[in-house]
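Single chain ahead, written as structure tokens, the form predicted on its own.
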């Protein structure tokens, strides 16, 4: 514990320099602007910025990417409140009560509450990150080839389940598509070419960054072009800084939503939008003002914003300790870490323990910057929303092309970006989630390598995948997850529990 505090102090001191503070300021502000602009997402922003950080020192590159990530998730609340259009998917739940408050002439109050809630939610997640990550990293050292195979499969399955709640099958299909894409190229054990169809450029596989830029950037450009005209912006004429009583009144909602958001972040590949909706649903369930939800409830707004911001530090827990991304943006961060020579995973706490506490320090500095910008630049930031989206999307398209080309200076990567943009747009129109697709690409290599390595170690005997204790537990969880996504099975289970509860109350 004392060593952890020393490393945290070292992390804070490391970034308390003029260069680092300047990078924190511009990256967080850029993230807020990206999040506030409908059509630009946190994942897209991080993916595009990765391509601009190659020449930076590793610590400064990760600093800029993390600050932009935090700022973008928070920035989405601006348009959610003022336009009833979530700037990012994470802010979809914020529209339910944020926009009604704006219509009541309380836009400034709503944005102030969103700012303080996001700050408190991130702080709850930061505490969990500092406490849980070292323990999980120590436990992960016991994981072998068989456990990592099941962990990779679990990440894809649970991501598909929770990001497509109405139709989990679509989530599973998206995840399998991602796994299939990851199979393209030269396999690592015997150097055989797979699914390249004679195209030499596919020999190295499909690079993650062009695929991510296409799926989240170019696809979003196509989606924005399809949508109708922008909505009218509501001004924020009232006070922005909330009273202490308004925040303290819902302290238990803040703590509960922060913990829910952190837990959602730990689940691989789920993301901030699920954290917001889960926190909002929990707050509504226990609230004494249920009738106000959806009509301008401050409690509902606080729950949604606390929940989505708490996911960010929560997502870094599996990202750093298991190399399993807790969200789509965290998947890009994993790629950025490898680019800059940082290896996330179980050995991180052994090889580079200071890095974990540097991430904690980055999140703290970013949260402070977010709070300052959020409370002082509310009205100036509204002018950003006046930019015609046609001009904005042209700039984004240029960044998508340049960012994809800059990685290896190959036009093939630009073609990959365009292809994934078109595929991503079609999948979105058909209501398929993007997160499982991206997670499948990220985890496909881990799943494939550990499956074949495990079979190689046992001369083709698959039994250790099912007989080792940790592997068996994860396998059972995966089977139950799939079974519970089948409507007939879940309905049957719920009816059994309801009947048992009714019998118990009758006997009582």
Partner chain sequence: MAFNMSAPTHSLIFRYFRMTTDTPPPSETAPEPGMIKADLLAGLFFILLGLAIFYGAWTMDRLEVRRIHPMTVPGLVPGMLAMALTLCGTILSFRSLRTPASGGWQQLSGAVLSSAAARAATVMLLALIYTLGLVGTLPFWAATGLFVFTFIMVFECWLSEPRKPWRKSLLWASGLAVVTATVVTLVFERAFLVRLP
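Positions refer to the first chain, counted from 1. In this text, all values refer to a predicted model and were calculated from it rather than measured experimentally.
Beyond what is shown, the protein has a form predicted in complex with the partner chain; the following relates to that form.
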{"property": "Triplet 167, 179 and 329 all within 4.5 Å of the partner chain in the predicted bound form via a heavy atom", "result": "yes"}
{"property": "Interface membership of residue 271, the partner chain in the predicted bound form, 4.5 Å heavy atom rule", "result": "yes"}
{"property": "Residue 338: touches the partner chain in the predicted bound form, heavy atom cutoff 4.5 angstroms", "result": "no"}
{"property": "Contact label in the predicted bound form: residue 221 to the partner chain, heavy atom within 4.5 Å", "result": "yes"}
{"property": "4.5 Å heavy atom contact, residue 207 to the partner chain in the predicted bound form", "result": "no"}
{"property": "Contact residue in the predicted bound form, chosen from 334, 375, 401, 202 - any heavy atom within 4.5 Å of the partner chain", "result": "401"}
{"property": "Selected contact from 412, 143, 425, 154, since only one has a non-hydrogen atom within 4.5 angstroms of the partner chain in the predicted bound form", "result": "425"}
{"property": "Partner-proximal stretch of 118 to 126, 248 to 256, 393 to 401, 363 to 371 relative to the partner chain in the predicted bound form, 4.5 angstroms, heavy atom", "result": "393 to 401"}
{"property": "Contact set, 432 to 470 vs the partner chain in the predicted bound form - heavy atom within 4.5 angstroms", "result": "432, 435, 447, 448, 451, 452, 455, 456, 459, 460"}
